[in-house]
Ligand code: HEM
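This document opens with one chain alone, in structure tokens, the form predicted on its own.
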């Protein structure tokens, strides 16, 4: 990442060493083609070029944007009840996010400033490309429960932002669940994603703390169907029927919150469900191929549904076993419920019993979780796959619309223009 140009007088000279924050930033929704930014020029750029994805826009990037290769997801707890201080943090975070997604260092950079003061940027992304970094921000239900009155937002909580119900088979770790805020950092370079979360946590010190975080690799779904469908750690193609970033009609119907769906501040946003799903891969690896294919309802090589030849052939659900995963998760089995998936594989060492702590970090965006994820997950109670997986972490967030321009900031639609 490049250093910020020198300014006179310096930020530190104006506000002292303790401040953090710059010009206000923004976020944009991506389509099937990323955009590269060089100075003030924006040019089309294909995925994998290391280019920058635009930050401003009607929607936040990182939802319909082409899925990147790496993830660093963080949930934060708020530690201040001062509304003005919290709003300023949102503005400072937006400013930093805008610069990092453009491939620039935070503030005045990682070096060249006052030797007696900590640098504005941690420096580990110096020299790296933007790597299609996107930062997607959301509010958790606990923010409204704990700080609704103090922040003046108690009456603004959407009905859809209710705590997720307990599902059959859940074994949730409270230390890997919930959160007042979230930031989803996706990039093609893991160091770029980690750098982004690290710097937001540094800027927020004293006002927020990281509650939990998750690194992910090997995207398990795609919003660009012309690419090869990714595989999960069980070896099966995942997300064949996922919503594409170019499917405007499906995005409007299933992903973006409408003006009549709830509070006005969420119009144009979406709801994010995050689930940490542990896979019992040692047991799975000793399961016969036929049983594996029966459990999923697809063959392992091509990914074709039972009785079909090609991956994208329309599945005949009745040809599958009643408890096959594809059959139970299909929209036709869930009153049409459809979600946009952006999950990643993870492996976090061992569980102390000689087994890999590995699985799927499931991320799903939808217009309303009550008619999206909740509807589908309840139907999966009988899923044969449940013998080999367990949900161990869970969170829900309201993801507001994008940041429109340099004077906009994350959460302005909720906290008001007067802030």
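Here the structure is a predicted model, which means the values were calculated and not measured. Residue numbers count along the first chain shown, from 1.
Same protein, other form: the form predicted in complex with this ligand, not shown, and the subject of what follows.
A.B. asks: Would you kindly say which of 298, 219, 195, 132 lies with a heavy atom within 4.5 Å of this ligand in the model of the complex?
C.D. replies: If I apply the 4.5 Å criterion carefully, the residue I get is 298.
A.B. asks: Tell me, which of 341, 91, 99, 72 has a heavy atom within 4.5 angstroms of this ligand in the model of the complex?
C.D. replies: Contact with this ligand in the model of the complex is made by 341 alone.
A.B. asks: Given that the partner is absent here, state which listed stretch (257 to 265, 326 to 334, 107 to 115, 72 to 80) has heavy atoms within 4.5 Å of this ligand in the model of the complex.
C.D. replies: That would be 326 to 334.
A.B. asks: At the 4.5 Å heavy atom threshold, is residue 157 in contact with this ligand in the model of the complex?
C.D. replies: It does not: once this ligand is placed as it appears in the model of the complex, residue 157 has no heavy atom within 4.5 Å of it.
A.B. asks: With a cut-off of 4.5 Å between heavy atoms, is residue 178 one of the residues that contacts this ligand in the model of the complex?
C.D. replies: Contact with this ligand, no.
A.B. asks: In the model of the complex, is there a heavy atom of this ligand that lies within 4.5 Å of any heavy atom of residue 207, even though the partner is absent here?
C.D. replies: Answer no; every heavy atom of residue 207 is more than 4.5 Å from this ligand in the model of the complex.
A.B. asks: Contact with this ligand in the model of the complex for residue 241, defined as at least one heavy atom pair within 4.5 Å: yes or no?
C.D. replies: Yes, residue 241 lies within 4.5 Å of this ligand in the model of the complex.
A.B. asks: Counting only heavy atoms and a 4.5 Å cut-off, does this ligand in the model of the complex sit next to every one of 213, 271 and 401?
C.D. replies: No.
A.B. asks: If you apply a 4.5 angstroms heavy atom cut-off, which residues in 203 to 236 are near this ligand in the model of the complex?
C.D. replies: Contacts from 203 to 236: 232, 234, 236.
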